[in-house]
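This document opens with one chain alone, in structure tokens, the form predicted alone.
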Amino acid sequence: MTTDTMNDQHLFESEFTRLVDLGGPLAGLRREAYDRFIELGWPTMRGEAYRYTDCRPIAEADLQLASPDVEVAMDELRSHLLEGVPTHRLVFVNGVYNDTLSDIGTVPGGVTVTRLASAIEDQEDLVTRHLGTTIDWKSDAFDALNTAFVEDGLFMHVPAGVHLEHPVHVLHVTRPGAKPIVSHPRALIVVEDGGRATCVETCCGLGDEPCLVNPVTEIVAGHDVHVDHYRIVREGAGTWHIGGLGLIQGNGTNVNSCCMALDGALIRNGMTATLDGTDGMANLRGLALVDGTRHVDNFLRVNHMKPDCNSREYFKHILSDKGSTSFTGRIYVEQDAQKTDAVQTNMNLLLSEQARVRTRPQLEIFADDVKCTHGATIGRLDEQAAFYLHARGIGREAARSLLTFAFANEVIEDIELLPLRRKMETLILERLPHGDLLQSMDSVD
């Protein structure tokens, strides 16, 4: 760790002192996490976890905590809202809750959908029991930094046996300023035994100046729970988005999480799933569209700790121009986790000669009665298929776009929330040549 890097880190010290001076139940956790961040330093490419992701621009930026005095109009968010379904909406602008833009509405009895800042005061025991338990913030500098500055975000609690009918939609809105800013959104989702819930996170940028968005989401799911979680990344052209997800689940629980990375200078999606009960399923998916000189990094770990559990990791990248991606996926199987069934797949579609892909599927197995597989592919469009479509009256560019959309659609077609699935279809088609024509075709509908 260089002297310059240390100086950059200590720029946060005055803001951190303000948080610690507030006291409260998280003061000890914040202090421990901040000390760990200083000890770890900014990640470098010499470390295994960030081997293919260059964080030097972040470390060299004169980052400052975002100012709370930022105005955003609802019209600026229209394109990011979910249409056709009621939602419990929370909006955070540069990490600060905006009551005017939010509309939580009425939630079922016993369910809590609120600001994390409010939950820290009103449900202290529940927050302190779970916050920081699903992620390894002692090993990852960005998770440690988020934990050190945890102050606000989503808190969602679904009691036992309750099905939350409407999805919770959280919008993390970033409006950069003249100087590089940083925000640390946090979400804590706790679903008790027999509960069901859906959460959509949209990270959207309203400017192209350099900034760091460092969100962390934790999902704690009990027994016989079903949780659907989605994160859509549509940041500004100069945004470094370093996102983390941690989840832990009990017996007979099904958790689905999907990250769709569309915009941002650098996007890193770290996901850690721990199956700590029998007969569970963890389904992690991702889709990235990478153009220009952007880089997307998906870094996953699935921990099978108990017998008779399944996991699926399915990630697709579409690259054009000089875009680059990296994928690291590790399946870990504990000695007692017999009858584990785990499948990991990473597929990459190259649309240019300059695009670059690095993929590292990994298995770490200590049980002897398991079925674990992994696979990775890197290839181009099937020119024979494109010619077949062209010969039937579809233009060459439209044919290539149709094949590209079909490649992406294998991820988004599994989105259970129909309005979100339709929105993702539209967003992808808008980026493809003749996408408007394809959107009107019966095959897309």
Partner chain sequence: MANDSNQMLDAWAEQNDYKWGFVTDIESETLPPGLDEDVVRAISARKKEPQWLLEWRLKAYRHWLTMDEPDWAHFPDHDWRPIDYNGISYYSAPKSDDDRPKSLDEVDPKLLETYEKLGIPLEERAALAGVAVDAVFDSVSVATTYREKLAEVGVIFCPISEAVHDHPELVQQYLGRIVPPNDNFFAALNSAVFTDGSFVFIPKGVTCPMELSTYFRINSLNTGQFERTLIIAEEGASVSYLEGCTAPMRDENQLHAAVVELIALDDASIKYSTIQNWYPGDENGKGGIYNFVTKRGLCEGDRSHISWTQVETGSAITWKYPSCILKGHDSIGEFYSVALTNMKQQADTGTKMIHIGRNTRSNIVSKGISAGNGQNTYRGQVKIRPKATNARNYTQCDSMLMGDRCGAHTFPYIEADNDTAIVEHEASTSKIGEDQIFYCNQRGISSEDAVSMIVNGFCREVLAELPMEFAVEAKKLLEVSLEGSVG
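Numbering follows the first chain given and starts at 1. In this text the structure is predicted, and so the values were computed from the model without any measurement.
There is another form of the same protein, the form predicted together with its partner chain; it is not shown, and what comes next is about it.
*Asks:* Using the partner position in the predicted complex, report whether T377 sits within 4.5 Å of its partner chain, counting heavy atoms only.
*Replies:* Flag for T377 set to yes.
*Asks:* Closest heavy atom of R78 to its partner chain in the predicted complex, within 4.5 Å or not?
*Replies:* Close contact is absent here: in the predicted complex, R78 is far from its partner chain, nothing within 4.5 Å, heavy atoms only.
*Asks:* State yes or no: in the predicted complex, is some non-hydrogen atom of W42 no more than 4.5 angstroms from a non-hydrogen atom of its partner chain?
*Replies:* No, no contact at 4.5 Å.
*Asks:* Does its partner chain get within 4.5 angstroms of any non-hydrogen atom of Y52 in the predicted complex?
*Replies:* Heavy-atom contact with its partner chain at 4.5 Å: present for Y52.
*Asks:* Give me the residue from T293, S139, T106, T373 that has a heavy atom within 4.5 Å of its partner chain in the predicted complex.
*Replies:* By the 4.5 Å criterion, the partner-contacting residue is T373.
*Asks:* Which listed residue (V96, A160, A367, V72) meets the criterion of a heavy atom within 4.5 Å of its partner chain in the predicted complex?
*Replies:* The residue from V96, A160, A367, V72 that makes the contact is A367.
*Asks:* Would you confirm whether the three residues R330, S352 and R360 all fall within 4.5 Å of its partner chain in the predicted complex, going by non-hydrogen atoms?
*Replies:* Yes, because R330, S352 and R360 each have a heavy atom that approaches its partner chain to within 4.5 Å in the predicted complex.
*Asks:* Of these, 334-342, 123-131, 140-148, 231-239, which stretch puts a heavy atom within 4.5 angstroms of its partner chain in the predicted complex?
*Replies:* One stretch meets the cut-off, namely 334-342.
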